[in-house]
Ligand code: ADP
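As structure tokens, one chain now follows by itself in the form predicted alone.
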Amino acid sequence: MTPEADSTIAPPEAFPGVARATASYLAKLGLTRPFDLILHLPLRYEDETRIVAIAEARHGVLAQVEGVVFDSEVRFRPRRQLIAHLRDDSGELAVRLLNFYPSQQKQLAPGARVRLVGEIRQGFFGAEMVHPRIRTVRAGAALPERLTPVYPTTAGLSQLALRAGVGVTLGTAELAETLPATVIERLGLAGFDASVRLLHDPPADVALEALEARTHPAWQRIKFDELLAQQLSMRLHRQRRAAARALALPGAETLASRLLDNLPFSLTSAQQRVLAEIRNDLARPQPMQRLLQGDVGSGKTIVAALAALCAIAADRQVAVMAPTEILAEQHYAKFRQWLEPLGIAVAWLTGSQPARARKAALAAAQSGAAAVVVGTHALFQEHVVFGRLALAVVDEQHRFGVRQRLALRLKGANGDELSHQLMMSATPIPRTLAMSFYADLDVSTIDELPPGRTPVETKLVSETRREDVIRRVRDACADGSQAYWVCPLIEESEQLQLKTAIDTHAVLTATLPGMNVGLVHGRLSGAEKAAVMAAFKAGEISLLVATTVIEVGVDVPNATLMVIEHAERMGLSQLHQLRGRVGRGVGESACILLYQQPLSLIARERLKIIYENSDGFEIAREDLRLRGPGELLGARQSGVPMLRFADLIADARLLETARDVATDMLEHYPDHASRHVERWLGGRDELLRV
């Protein structure tokens, strides 16, 4: 078991008054302290405070009915099931249980009076409830006076046990305010203690719609506190980083001028602006923590290379890490092309390279003979040692885990000094996301594409017109251009029935005789992938069939056509990244999105967005709306604590207020700020940003 897993196991005494078995299940939900359970708020609520007559219950709407069972039997056609019928003064209702226990048969025995909570629908037996919640009652039994909370749970942990655990914990909790009274009064916030207790145990007269839409003042208080805790944590991280030390890298004007003179292009004004921001950071004796973002093809890599020269001029090293071998190799090729004419050695390090080459790269990194070391995840492995690392560049940073980025950064630690870190992303970050999850970072944005980039025409084409698409590919390649054909899977999937790269390559090779059709996918060795990509870039391959390993980093200006198979199954960011592989030269370029009917509503919306938009920032905003921040940032995989209650779109104004309050509290109420972060994060924010 990993250390991370160990940390989630709650000791028996973690929840006083809660059964030991319940506590073990709570740990599975990530609840390891009483306050975690207090903040385990309901997903929804059920109104069991009133009985609805069977004849008046609306179909498809959750309702509670009460009646007397007059018939009950186990039937075996079409499968074993328990069917019971009950009636009240207004009508009759069937109950159907497909899986049942003897105790449930007893509950539904003829003559029993029961209350059922569920949805009525028209079924084989007429109006029926399937697997409702069942409770045996006496005639005239009192109804609950409060709404019934329904909590997120895990297998083996019943709602009843959860409610009991929450009740015991709330009974002994002292939920003192962590916000200054002046802030609560100025913002008109509900009290924290009252808000929590209302959400766990709402009275019947509370507007159910406001609770479930999370617009009730109690929910607003919880969401504000969560956003404030995040903002405070980010600011505290920024303060700690400002107190840390790093080697100041004052600049490299001579090397930079030589590199710029050798380039066949000039930097855009946006590139010059972000480079100045990065150089200013590097010149300070505190570790830089900057995110360089820019749309596909905006020229982030040359900015990173010019930043690297600041470290190299100070006789220090630079590590450049990318998530895939294809992207890492593209960086390696570019850094060699740009830096080796300046007499700067660039090394290449991946997990798949031959032992002799790997040994040489490790030695060059340790001795400092290689000023720049480019590679994949291999760079942060324990046996990789850098002699004088001062700058770590992490591309597509959201694809790496927090601990992985930290491991690379610590390889530059020299006593009390840390290395500088420049993270890059071609997935533009919407403003609300930057305010929330990058509040402790400095963000530079390249918002201008280099001149000469041609707009890419996007076409939506049904799978039924596949032959037309193949003819389009044939014509484009016959005219001297090159094309990509992207498939989402390597091998056949019976569940998804998707075309595979291997099968598609075979079909296209047979359909397009005389054309050199290449194939690249993630299961090829690094050397095999490199050979195919080199042949494609040299023009020896006209059509490249590939999986999404070519999503980032591939730069072939002569490629003017891209076909994306089963585009309806890909995310917006991925589609935009793939489309960015064409339009890099002077020829007119197109991206054909092949889709298969029937389209789900979400797939239809994604295709409409990518068809109508070429602006990466607008696409990222839509992606945030559709998918949420966790998937957009890769944060679900990287260990960044996600927002549980607040919504970055719906609660954007609340986020702005929390940001301002965080600044005020750190300056004027530091004790309140510390207590607030401790309450919400419980010391688990140490890896929130590294």
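Only a predicted model underlies this, so the values are computations on that prediction, with no experimental measurement involved. Numbering starts at 1 and runs along the sequence shown.
This protein has a second form, the form predicted in complex with the ligand, left out of what is shown; the following refers to that one.
Listed residues Arg453, Arg258, Arg96, Arg197 were compared with the ligand in the predicted bound form; Arg453 is the one with a heavy atom within 4.5 Å.
Only one of Lys223, His377, Lys300, His85 lies close to the ligand in the predicted bound form, with a heavy atom inside 4.5 Å, and it is Lys300. Picking from 454-462, 331-339, 350-358, 238-246 the stretch near the ligand in the predicted bound form, with a 4.5 Å limit on heavy atoms, gives 331-339. The ligand in the predicted bound form comes within 4.5 Å of a heavy atom belonging to Asp555. The ligand in the predicted bound form is not approached by Asp281, whose heavy atoms all lie more than 4.5 angstroms from it. Remark: Gln271 counts among the residues lining the ligand in the predicted bound form, judged by a heavy atom distance of 4.5 Å or less. At the 4.5 Å threshold, heavy atoms of Arg584 reach the ligand in the predicted bound form. Taking a 4.5 Å heavy atom cutoff to the ligand in the predicted bound form, the contacting residues in 257-272 are Phe265, Ser266, Leu267, Thr268, Gln271.
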